[in-house]
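Heads up, the chain below is alone and in the form predicted alone; it's given as structure tokens.
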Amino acid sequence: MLVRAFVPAHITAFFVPAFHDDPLKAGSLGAGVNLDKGVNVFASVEEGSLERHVHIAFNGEPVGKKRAVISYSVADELVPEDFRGDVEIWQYFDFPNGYGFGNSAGGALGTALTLSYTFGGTWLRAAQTAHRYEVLNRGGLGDVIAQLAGGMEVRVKAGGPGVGVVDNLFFEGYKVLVVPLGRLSTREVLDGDVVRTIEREGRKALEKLLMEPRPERMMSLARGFAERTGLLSGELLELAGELDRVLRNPSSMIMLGRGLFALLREDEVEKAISLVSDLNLPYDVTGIHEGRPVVGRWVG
């Protein structure tokens, strides 16, 4: 049987990390947006061999446990111990790994959902398993619960699925421009001195967004957060200024990746594409994924 899950890419606009010894109580506060593009995960299960084998591939390339420790850990837990056969998990990413699109969480959640669909399980247990291994392996803190919520999400209580609380903003007519320029290590940022500034500025941004919960306010607060934490600086800040000249709402930095994102109205799409094309920069324009991820039997 072949099962497919789609998990939306998730961009964090601003955040407050929340560390805890219990992985399900660890997470983040903040806000972000889920995209119509993301991670497609296919799980193929064949019984009949003498042993239990699990294989994972990224974009068609087989990967070992060192490169995919989170997804392998999820699979090892959700494939029954007494299963004898081959489990192949294929993860296809619309955006590059390490660029701030929640690929690690998307791969883990997609793996958990396809295997739970195949072997029996629930949405909550699948999502909690993905979140737990994300936290334990420092892949991320809030992407899984955000991807589970869809849309423009606001994390108002930190924690994994079943513990944290996520709300959603109302929106209409927006596309998302992404300009992915490079990698930024989540682990290095969260281990660095900037964390205290992130916590202070992230809490301020969240309080202000909850007082005025609109997409436009989220973007304004995201930009302020990015600049005041020092994460958005140099050439990236200059590029954000260039985008601001052709958009109604400020652009901001993808957390955590070396790149920018912006909300576009229909009449702004052409102007934004023209600007980034003239600068010879990589870009994509995508819709916003509302609702939770999609999972089911794949028939081709």
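Because the structure is predicted, anything quoted here is derived from the model rather than measured. The numbering used is simple: start at 1 and walk along the sequence shown.
Another form, the form predicted together with a further copy of the same chain, is not on view; read the next lines as being about it.
Novice: If contact means any heavy atom within 4.5 Å, which of 88-96, 69-77, 196-204, 111-119 contacts a further copy of the same chain in the model of the complex?
Specialist: Comparing against a further copy of the same chain in the model of the complex, the contact stretch is 111-119.
Novice: Please tell me whether the candidate spot formed by Arg183, Arg258 and Leu281 is one where all three residues come within 4.5 Å of a further copy of the same chain in the model of the complex (heavy atoms).
Specialist: Per the other structure, none of Arg183, Arg258 and Leu281 touch a further copy of the same chain.
Novice: Hey, in the model of the complex, does Leu221 get a heavy atom within 4.5 angstroms of a further copy of the same chain?
Specialist: Leu221: no, not in contact with a further copy of the same chain in the model of the complex.
Novice: Might Arg125 be said to contact a further copy of the same chain in the model of the complex, defining contact as any heavy atom within 4.5 Å?
Specialist: Yes, contact at 4.5 Å.
Novice: Mark Tyr174 yes when one of its heavy atoms lies within 4.5 Å of a heavy atom of a further copy of the same chain in the model of the complex, and no otherwise.
Specialist: No, Tyr174 is distant from the partner.
Novice: Would Arg84 sit within 4.5 Å of a further copy of the same chain in the model of the complex, counting heavy atoms only?
Specialist: No, Arg84 sits far enough from a further copy of the same chain in the model of the complex that none of its heavy atoms falls within 4.5 Å.
Novice: Could you list which residues of 153-175 come within 4.5 Å of a further copy of the same chain in the model of the complex, counting heavy atoms only?
Specialist: In sequence order, Val156, Gly162, Val165, Asp167, Asn168, Leu169, Phe170, Phe171, Glu172 come within 4.5 Å of the partner.
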